[in-house]
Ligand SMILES: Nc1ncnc2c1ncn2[C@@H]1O[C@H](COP(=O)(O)OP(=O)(O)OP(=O)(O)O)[C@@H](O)[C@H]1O
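One chain is shown next in structure tokens, namely the form predicted alone.
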């Protein structure tokens, strides 16, 4: 049986969608059968981050309503053949978004994929509830700024029903200058959010450039990609040190 991981954030702008796409691509590149599921209803962007813009004609609401099978709704990545995308609906109506049907979809996903990363919308609304209802594990994405950490703490509190070891924190878009200006460090961020650390991702100005071009993040020379790869390996159970954040110099 596979594992479903919901990727959530308390606020927008934390890099949650880029994280979801990059780690899903990393898992697929490692040979794991992976599904990237977009739960950001009406505002889906995961297809762009994966380099699959407008590749999906069906979405998860079509599966929930019985209009098609899971296998018919997904779009296979053209280059990373182990990765499929299941898009979010563009319509905001709740027809077919029944929680019991969503849980049934989760069971089907586990039967067909080793890993599924679910890109939940920011905040604690309906999309967040759908994503976490099917999740085995949850990753809370935050940045090191105080407002993001406060929202991450609230998000962690809303997920206390997940058992120990199933709820993790990723500090994204880390800049040394910001940490110094705030007189804080990663340990402070962990303590503020109240969840164990899964990984640290440095700020990388090329990430939005790749999304704008519709290119998968790992297809370019990314500083942040090493962190995403390490997190993917850690998800699979490997013991990999957390990436240290050095001054932002590309290799």
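Source: prediction; values computed, not measured. Numbering follows the first chain given and starts at 1.
Not pictured, yet referred to below: the form predicted together with the ligand.
Interface membership of residue 156, defined by any non-hydrogen atom within 4.5 Å of the ligand in the predicted bound form, is ruled out.
Contact annotation for residue 207: at least one heavy atom lies within 4.5 Å of the ligand in the predicted bound form.
Not displayed here, the ligand is kept clear of residue 167 by more than 4.5 Å at the level of heavy atoms in the predicted bound form. In the predicted bound form, at least one heavy atom of residue 14 sits within 4.5 Å of a heavy atom of the ligand. With the partner omitted from this view, the residue of 201, 39, 50, 35 that lies near the ligand in the predicted bound form is 201 [heavy atom within 4.5 Å]. 122 is the sole member of 75, 144, 135, 122 with a non-hydrogen atom lying within 4.5 angstroms of the ligand in the predicted bound form.
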